[in-house]
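One chain comes next, on its own, written as structure tokens: the form predicted on its own.
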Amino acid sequence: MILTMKIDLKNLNEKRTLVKDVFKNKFKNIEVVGWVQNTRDLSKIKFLLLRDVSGIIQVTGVKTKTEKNVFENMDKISRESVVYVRGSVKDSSQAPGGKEILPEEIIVLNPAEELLIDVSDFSKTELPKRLDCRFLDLHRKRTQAIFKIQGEIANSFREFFYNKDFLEVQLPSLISSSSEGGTELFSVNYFEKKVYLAQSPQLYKQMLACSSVEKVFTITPVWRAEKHNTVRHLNESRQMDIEIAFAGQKEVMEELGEAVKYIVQNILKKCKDEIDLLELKLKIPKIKYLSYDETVKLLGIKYGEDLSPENEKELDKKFPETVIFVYSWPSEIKPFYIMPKDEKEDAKLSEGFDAIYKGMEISSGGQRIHLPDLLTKKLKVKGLNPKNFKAYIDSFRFGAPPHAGWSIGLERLTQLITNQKNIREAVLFPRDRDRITP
């Protein structure tokens, strides 16, 4: 019968068969649960496509063979309703995947109301509307594919650095002052004080690298109160960060290049279905190093300027499928904590770099200043008050070694690898200037 009712979940989980296993094994009788992808009525035969986390299978009702109430109601179940199906498995050359279920019982666990958006894989619903209904948009296999790849990015990043004996650390999300010298901070009332949401784990991971831990990494949320509305920026995002003692920009650039190659290699190996669904042409990237001076000449831009989005795209055209490192930037356009060349206060160049991949900056990093007096001078040059960074500066007074690091935006790397035009496609629940729900 087709009813709306509760079901014994414990018992169901013990007996339930995943769709992918139906195709792999020789079952006679099974119980499956999932969402109704679609229904079709051909008068004497009815079809219901059932979807779970592992795949889609056809449920076929035949007027002369299927229990009358089950057959009559199959096409009346609304799309995306959650259903339980008990029945027998039959080989069928006409069914998707070569097997179908002949239903003996169908129970509607929760009927879906009229859908607010198109949840097909070829939905033409505009992105803002899909984000308004993200809970429904996540029913789409294409949307799920993006986040399965994102999960593999994060897992591969972790795996890469665990295998190299890095320590994973958890760092504060509340800070007393700016981490990077900017003013774009979200303030929070913290008892009798005003504090800020962390815009970077920068200062804390440095402190850890300067201890005898030496090598650390973290995946952490960060917040930036910048009033932009672009396809590449968010106000809340997640960073994948590392910091290494006894290292300069060269060493950490090599770590970044190898990490991205490892991530892409794992995606190619473990996410084949998602790559096919998203029609991606993904290759393990090459590595290219260009000094800032070489880059300025190559692109014909003015010395002392940052790279524009157009410059980044041009680099990608010249060096496709490549992680391009632009290193040794002018000191004046890098943050206060980036080491000047040869540890000289007035050095024109720095030990800082940017990494460009698929036409967009994915990382910024370099060697940090570990000398308290030089750090104090650099803060003043940038118009910042050293008193606000006292704990940070003091942490380098007790045997701090040279060290370096970088961060990669998880969402931005996901956007580029999955070839999305807007970074909001690569965030489960985006937070930007205009969006705080759902």
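We number the residues from 1 along the sequence you see. Just so you know, these numbers come straight off a predicted model, no measurement behind them.
The discussion below concerns the form predicted together with aspartyl-adenosine-5'-monophosphate, not included here.
At the 4.5 Å threshold, heavy atoms of residue 226 reach aspartyl-adenosine-5'-monophosphate in the model of the complex.
Contact check for residue 370: every heavy atom lies farther than 4.5 Å from aspartyl-adenosine-5'-monophosphate in the model of the complex. Within this chain, residue 327 is remote from the site of aspartyl-adenosine-5'-monophosphate in the model of the complex, having no heavy atom within 4.5 Å. In the model of the complex, aspartyl-adenosine-5'-monophosphate stays beyond 4.5 Å of every heavy atom belonging to residue 61.
Checking 249, 239, 295, 311 for any heavy atom within 4.5 Å of aspartyl-adenosine-5'-monophosphate in the model of the complex turns up a single hit: 239.
The partner is absent here, but in the model of the complex a heavy atom of 364, alone among 265, 364, 125, 177, sits within 4.5 Å of aspartyl-adenosine-5'-monophosphate. Proximity to aspartyl-adenosine-5'-monophosphate in the model of the complex, taken as heavy atoms within 4.5 Å, picks out 406-414 from the listed stretches 387-395, 406-414, 39-47, 26-34. Residue 423 is the only member of 414-437 with a non-hydrogen atom no more than 4.5 angstroms from aspartyl-adenosine-5'-monophosphate in the model of the complex.
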